[in-house]
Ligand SMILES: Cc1cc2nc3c(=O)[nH]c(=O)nc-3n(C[C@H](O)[C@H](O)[C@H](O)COP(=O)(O)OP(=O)(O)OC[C@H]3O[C@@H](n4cnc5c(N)ncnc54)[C@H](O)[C@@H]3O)c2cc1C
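A single chain, nothing else alongside it, follows as structure tokens in the form predicted on its own.
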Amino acid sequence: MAAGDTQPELPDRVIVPRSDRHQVVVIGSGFGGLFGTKQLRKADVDVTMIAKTTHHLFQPLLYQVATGILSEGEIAPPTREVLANQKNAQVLLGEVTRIDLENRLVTSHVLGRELVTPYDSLIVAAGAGQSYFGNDHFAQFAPGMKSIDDALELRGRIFGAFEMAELGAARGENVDHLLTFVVVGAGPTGVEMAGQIAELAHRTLTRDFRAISTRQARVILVDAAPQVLPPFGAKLGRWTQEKLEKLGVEVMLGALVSQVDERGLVVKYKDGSEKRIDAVTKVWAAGVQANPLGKQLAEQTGAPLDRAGRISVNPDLTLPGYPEVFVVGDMISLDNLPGVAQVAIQGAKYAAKEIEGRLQGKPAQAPFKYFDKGSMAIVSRFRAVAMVGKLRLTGIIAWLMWLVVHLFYITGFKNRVTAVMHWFVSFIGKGRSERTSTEQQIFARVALQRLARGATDLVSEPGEFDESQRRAELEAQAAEEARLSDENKRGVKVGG
């Protein structure tokens, strides 16, 4: 659709008019989206960030929300607040469902409303989701660790399991399945999650219950790989496994999860033997799948996708045949880049600089080159592993490095201060400041999935609201409230 073309607009469909100023659309509010937008703060462009959440999520700390150390607000500040002082940026809520490369249009949806936004340059930083390797039905019983919703649901499931075990034990029931926690995936997220659940059970909650001993809880880390933390190398993997086992975590390697249900899962070994683990609480931390937008882009450009759905891009992070479209972060397949925050941050900054340079008539940058700042994973309090270049660190030194690095990337001074306070309470003491959970957090996701259109079925369609009727109802209600107060009839017995 060219600038002057028109097409019929539905009541719930809005087409944003094109502007004379260069329009940059950024898809996603993660590390790539946020840092790409901020990099353009001084450029002569208008930036529109479109994201399906209203916050910027510091995903590496989700497990601390799930285990009661941090609140969700500390790792997920409002994107609008973060970008409030950037005058050339606006934020729009919506899940991008289509990218039209030929006509340079981005279509997004939220609760039945559709928005079509034009662009001159596009940065796609939509990230990745959890992969269940073709067994998506596992998600009902084993939530992933990719969103605030995931973390809050897991918090409810973890702490709720102890509560239900207390009730069951008081009635004399066997509660082993409630006190068994299984984490699938022995990468950084799985290791950190298993370590924190073990500390929660064996250290934090030991005095809180009467009918059960939380020290008897089992924490099992399962992975089909032959070692823990494969990207960190064999030596750090062995060290991590030893520390996890000392913490009480049972590490099961070479075990492929073949079945998952409400009360447990089945793992299969290379020799074909199977073992069932009865556990109500399961956490899925194995594998990622790039955003489905990658498939759309591949179909329109012919660029190949890898098994994780990541799209091959040019050395300058652009799509073949579309130099105005940049793809960054977890969505790209280039030079075996890892799926870590730094790849998204550096890629987005590179793309933003290229956009600004083109407008200023500067020559193109050299091909994108990733600077590896290292990888870290925390095992438990005072224990972590770090890999920086050829340097391999373990123990408290790596743990302190982990604290400093993660504190640096938490957005906002206020969030940094509160995070330090919560870390002090949890790591030096035994407390967990964020243990509140509700039934809504545990069951809302499954309930929404039962609706044909999800949350859209819970809101009125555009134009359905009867303004005149609602106004009359509110006016009548206000008049009655005022009458009762004026006539001193509040608390007065009604009738004989």
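Values in this document were obtained by computation on a predicted structure and should not be read as measured data. When you see a residue number, it is the position in the sequence shown, counting from 1.
This next part talks about the form predicted in complex with this ligand, which is not shown.
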In the model of the complex, Asn291 touching this ligand (heavy atom, 4.5 Å)
yes
Answer with yes or no whether Ser29 is in contact with this ligand in the model of the complex, where contact means some heavy atom within 4.5 Å.
yes
Does any part of Val340 reach within 4.5 Å of this ligand in the model of the complex? Heavy atoms only, please.
yes
Would you please decide whether Thr53 lies within 4.5 angstroms of this ligand in the model of the complex, comparing each non-hydrogen atom pair?
yes
With this ligand left out of view, which of Val182, Val385, Ala344, Leu152 would have a heavy atom within 4.5 Å of it in the model of the complex?
Ala344
Assert contact residue (this ligand, in the model of the complex, non-hydrogen atom within 4.5 Å, options Val175, Met252, Met145, Ala89) equals Met145
Can you check 420 to 428, 391 to 399, 220 to 228, 124 to 132 and let me know which stretch has heavy atoms within 4.5 Å of this ligand in the model of the complex?
124 to 132
Answer yes or no: in the model of the complex, does this ligand come within 4.5 Å of a heavy atom in every one of Gly33, Gln59 and Gly329?
yes
Considering only 158 to 190, what residues come within 4.5 Å of this ligand in the model of the complex, judged by heavy atoms?
Thr189
